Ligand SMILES: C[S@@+](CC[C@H](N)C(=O)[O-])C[C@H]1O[C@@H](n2cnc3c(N)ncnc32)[C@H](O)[C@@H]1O
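Here we start with a single chain on its own, the form predicted on its own, put down as structure tokens.
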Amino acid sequence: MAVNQEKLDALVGRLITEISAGYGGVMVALGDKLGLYKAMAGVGPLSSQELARRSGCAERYVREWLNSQVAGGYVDYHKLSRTYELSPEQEAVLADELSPVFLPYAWQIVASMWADEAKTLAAFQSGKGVSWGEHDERLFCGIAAFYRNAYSASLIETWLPMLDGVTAKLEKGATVADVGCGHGHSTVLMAKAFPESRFWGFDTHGESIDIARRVAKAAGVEDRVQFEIAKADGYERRGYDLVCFFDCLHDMGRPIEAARYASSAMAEGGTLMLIEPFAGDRVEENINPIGRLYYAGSTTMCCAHAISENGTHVLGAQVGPKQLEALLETAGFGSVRRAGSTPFNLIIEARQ
């Protein structure tokens, strides 16, 4: 078939743009780790010499880095004064670690994907899995920090109120399990918001549990939060009023068993809250930047871990709500409903 030059040029142009973005991600990570964005935040226009002094970095490197940021649209440039400035919007995305749209940590996930390339290539060729604990350590920190801000912005104020009667129970005093808790940010957020309730976080990754305990201590909630190394179908049954799965059920090789076990560990009238990556039920509904991001992460992390468990399912991060709801019904939940959604997440409620 003859090559359509216009389509070829468009495709090459798109890939060049994305290669440029890949380079830009390295620059964002450097700016974050070196404190360059923070040194620019809220101080108005700066010369490269001034930023070098404020950050303790070498001016010639700082100048080149600044120009890369200007070219990428991440920093504003004033040509008459030859100074650089971080706008309030850029500050929210690049300098404010508490902002719900703070994104530099996401590049640590990308770095881990590159670092694990040999493992991914081998998995493609062998069909074997790659478990969560086998990945580069930047994955764990990147995932935890990236999701921490999203949960901080939404969990207490938006997601929990979507569930029938759950917030009232938590205010009075409830028992909560956070399955697949990772570094424990979701668990700690709930513990801080609901001091009358008690929380348990479970994860199979021992290093993440160690960090979660430190996170709870730093937040001053270690008296009502416990973190334990346990599988999704092996933690202690305590009659939980709420069992949570935050962006993790799709990673599990036996998700029906995990959901069924959660049902058995719940108190009468308890609730399961399932937070999953946003997706449509068909491929054509996920042809967008978010779908692309999730499919890529799913290839190297989600599917890879599920395969490593030699289980019954390899759901992937874009499984879609219908299959998730059917899975919960198969696990024995009599009432399953889609409580809400965001551009990044699905919120599903299930009751016995």
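Keep in mind that what you see is a predicted model, and the values were worked out from it rather than measured. Counting begins at 1, following the sequence as shown.
This next part talks about the form predicted together with the named molecule, which is not shown.
Chemist: Of F227, Y240, Y84, F246, which one comes within 4.5 Å of the named molecule in the predicted complex, counting heavy atoms only?
Modeler: The option sitting close enough to the partner is F246.
Chemist: With the named molecule left out of view, which of L160, A144, A267, A92 would have a heavy atom within 4.5 Å of it in the predicted complex?
Modeler: Selected residue: A144.
Chemist: Does the trio S48, R63 and H78 actually contact the named molecule in the predicted complex, every residue with a heavy atom within 4.5 Å?
Modeler: Answer is no for this spot.
Chemist: The chain here is shown without the named molecule. Which stretch in 98-106, 213-221, 179-187, 193-201 comes within 4.5 angstroms of it in the predicted complex, by heavy atom distance?
Modeler: That would be stretch 179-187.
Chemist: Is L170 close enough to touch the named molecule in the predicted complex, meaning at least one heavy atom pair within 4.5 Å?
Modeler: L170: no, not in contact with the named molecule in the predicted complex.
Chemist: Answer for D32 alone: is it within 4.5 Å of the named molecule in the predicted complex, judged on heavy atom distances?
Modeler: D32: no, not in contact with the named molecule in the predicted complex.
Chemist: Though only this chain appears here, would E325 touch the named molecule in the predicted complex if you measure heavy atom gaps against 4.5 Å?
Modeler: Answer no; every heavy atom of E325 is more than 4.5 Å from the named molecule in the predicted complex.
Chemist: Give a yes/no on whether A259 approaches the named molecule to within 4.5 Å in the predicted complex, heavy atoms considered.
Modeler: Taking the distances in the predicted complex, the answer for A259 is no, it never comes within 4.5 Å of the named molecule.
Chemist: Considering only 298-323, what residues come within 4.5 Å of the named molecule in the predicted complex, judged by heavy atoms?
Modeler: Contacting residues: H305, E309.
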